[in-house]
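Starting off, we have a lone chain in the form predicted on its own, written out as structure tokens.
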């Protein structure tokens, strides 16, 4: 493992031990709240509407900026469009030239611009008034979450911080004592401030209105208490009018904190008519808008280039709710101080950091996205965050400098990548070729791979953690077995027929589950053929090797399309390969080809469910007779909404099924093998393993998991093997 990778691994281990427990409690709490809050509304309809609004707004961005300028100036304020951080800070320094103090509400855009540092360098005292931001200002730390910057700090840590810094007469201990102290302290700062600075959740171009969504009310106080109000917002915060605000507000709090609506929703059209206040005067109440000053600073800072960048454009739809962070198993365990860049944290941070800071900042944490896709359904505007991460990963790979060693490797590997990319990533991206070689030479390959010298070389050269067991290759692949066997269905009971897709692991490592799938389908009267291609391109896709993934997608299309044209259905054992076909091929193949493949492809238990629902007799399948199971659905299977089919089939066959709630097993294909991330992978897996143990009761339940990675992780962490559900249905079991 390189020095950089060792340093990264050490930082992750430190965060797992220090900030991890508090981050996990808070992130999972928000995530559970989101599920509950979204259950009360038509979430899909709202998300589609919000997506439409953002797509339209970003498309019309130049027009909306000019509309907002006209509206704000007509109201008596001014608008400044800042090209970059330096331009914005120069303008803010000019506006605050006569100010001694500025109070701010929470704003990630001002974090991005380093506004505090700029004003303080100009001699202006800056106070953050959001409780979390205030805590971090006192602690001199960076935010660890988009909406909850002090996410990583416990009550005890904040109490210790405040007591040491402010030395109160009575030590502060409880949340009530801490918030009361902060409210009084910040209230004094707000009352004496010369300038109030806010962000804006949304800027309504038609009226020049700012929508501020908060839970503390401090943003409104900052906006209306000082005579001068400055709002700093990225240009992407513009929406046309109040008509578009409803769905956004309806979704924001639900997605962010699990609230039906935030404590405060302030709609201000500054400069406001509320009277100015001089707290030191005997006549404190002054005039209205005529005595007020308002500046709206709209920030580009790379956003227009992102708008023109097909790979990053969707990032601008982000409403900064943090749902992608809260739903991410990796983030839940290490937080934004590992899973974040210069400013932004969580899954969407890759897009923001790549867009406003450059790929070097995104490269620091991009690999923490495993592509599990749990953030896709969590995002209120349907941003395909894993795809943004994959695009940026591909750019990072291609931006690497080629060297002599890798140029040699480049000529030996069967991929379509540029020289210079990380050797470990390249090896994982070509796992199909390695598995084919390992299978052809098994069992020698297994013995050799497991020897200490080779494990040492794998760890040092490719970053494969020596603590993780390697897959054991089988000499007889699923395809070889299929070629030798006699089909069990000569006369089908139905008009259905299947081509079974052999993913890399099912074909070379665990052909038994593939054989079980064949036997189950044939027992139900469905003729089965095994496809002549292996691997969907998931492995290179996960490493950001888009060109290689596209090449493999084309090979799959060539292999499966004749079967689909012949009326056969494509059935997948591995959910991540099905997700590749259904969700990712549309980015890799012509639309008509991707649509045809997606429409004709099924997960194996989804297919069995469909057969049973359409009257096929389940008599040939063995019964569960009340056997107690704990079932963990693959993360991408859950994103596709296919986990319920497995639960239904197992229940129908007489199993007592308990299901897990964990978003991901932590293994995530190659992620759990990588030495940089092994400890994080195990930590995430242990959360799932704890769930399984809690569901056991007096006697252990059988553990069932749909994904290869999930099976491997659970088998490693529990004292029992995990099984693919199709193997429970095997007539030969």
Partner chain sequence: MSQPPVSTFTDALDGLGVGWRNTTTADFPAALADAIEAPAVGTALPFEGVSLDGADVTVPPTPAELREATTGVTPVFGGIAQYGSVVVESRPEGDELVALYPERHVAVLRESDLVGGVDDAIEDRRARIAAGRDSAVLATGVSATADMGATVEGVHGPREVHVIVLRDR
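Residue numbers count along the first chain shown, from 1. Just so it is clear, the model here is predicted, and its values are computed rather than measured.
From this point on, the text means the form predicted together with the partner chain, which you will not see here.
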Is residue 250 part of the interface with the partner chain in the predicted complex - any heavy atom within 4.5 Å? yes
Do residue 221 and the partner chain share at least one heavy atom pair within 4.5 Å in the predicted complex? yes
Would residue 591 count as touching the partner chain in the predicted complex under a 4.5 Å heavy atom rule? no
Look up in the predicted complex whether residue 283 has a non-hydrogen atom within 4.5 angstroms of the partner chain, and give yes or no. yes
If contact means any heavy atom within 4.5 Å, which of 202 to 210, 389 to 397, 501 to 509, 523 to 531 contacts the partner chain in the predicted complex? 202 to 210
Tell me, which of 440, 86, 267, 164 has a heavy atom within 4.5 angstroms of the partner chain in the predicted complex? 267
Considering non-hydrogen atoms and a 4.5 Å limit, which listed residue (546, 621, 92, 158) is close to the partner chain in the predicted complex? 158
Are there residues in 234 to 268 with a heavy atom within 4.5 Å of the partner chain in the predicted complex, and which are they, in order? 242, 243, 245, 246, 249, 250, 254, 260, 261, 262, 263, 264, 265, 266, 267, 268
